[in-house]
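So this first bit is one chain, no partners, the form predicted alone, shown in structure tokens.
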């Protein structure tokens, strides 16, 4: 059994963060949190989300022998419903036997078919990665640069040169470069490295982090990129992992 009440804005944050990478995914409901881990169909990007029970105004969960409840969710559909509902509190309840998710916002009540968890892609294992460099940057600075980069090219280089973090994109005619010194960032681990990424993926991810004040970029040399940020006023965490593009 699962019943919960949550602020609509917090739930929208979660959905926006997830749909930046996937459309369908398996949410695991436990006594203390909601968890999701999934990869995109191309196996290039992964999203991990954890939302603690104290992000909810009320949270009731029970199951046989303390096992988790698995919910297969169509996130664009859920996001569309939340967009109609406005700013009301959202009441969630699950009918396990009928595989239905009941969503109530004020006088609006929706019944959404849940997906069969066994039909969804298998949850990926989290790779053991060691990142030599960590950059903490204001989210809007990062997103502004990504919006500008979209007008220039298809790939973006993220790197560190000494005490400077840079983002660089080069097209057929134009080039864009953002360079930020250590004192202009919240945190920077000095180093010398860079990795190239497909801009479309980072652009989508940038939309999913719009509510976060700052993000943490974990970098290596020709290495995956891991982006971490908080949601729900620190009561939830999101992590994106993106494979590098190797020329």
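Bear in mind the structure is a predicted one, so any value in this text is a computation, not a measurement. Positions refer to the first chain, counted from 1.
Keep in mind that the form predicted together with another copy of the chain is missing from the display, and what follows is about it.
Trainee: Report whether the minimum heavy atom distance between residue 174 and another copy of the chain in the model of the complex is within 4.5 Å.
Mentor: Residue-level check for residue 174: yes, a contact with another copy of the chain.
Trainee: Do residue 163 and another copy of the chain come within 4.5 Å of each other in the model of the complex, heavy atoms counted?
Mentor: Heavy-atom contact with another copy of the chain at 4.5 Å: absent for residue 163.
Trainee: Could you confirm whether residue 157 comes within 4.5 Å of another copy of the chain in the model of the complex, counting heavy atoms only?
Mentor: No - in the model of the complex, heavy atoms of residue 157 and another copy of the chain never come within 4.5 Å of each other.
Trainee: Should residue 152 be classed as touching another copy of the chain in the model of the complex when contacts are defined as heavy atoms within 4.5 Å?
Mentor: Yes, residue 152 lies within 4.5 Å of another copy of the chain in the model of the complex.
Trainee: Please name which of the stretches 29-37, 191-199, 45-53, 178-186 has residues with heavy atoms lying within 4.5 Å of another copy of the chain in the model of the complex.
Mentor: Only one stretch qualifies here: 178-186.
Trainee: With another copy of the chain left out of view, which of 148, 136, 120, 91 would have a heavy atom within 4.5 Å of it in the model of the complex?
Mentor: Contact residue from the list: 148.
Trainee: Heavy atom within 4.5 Å of another copy of the chain in the model of the complex: which residues of 104-137 qualify?
Mentor: In sequence order, 107, 108, 109, 110, 111, 112, 113, 115 come within 4.5 Å of the partner.
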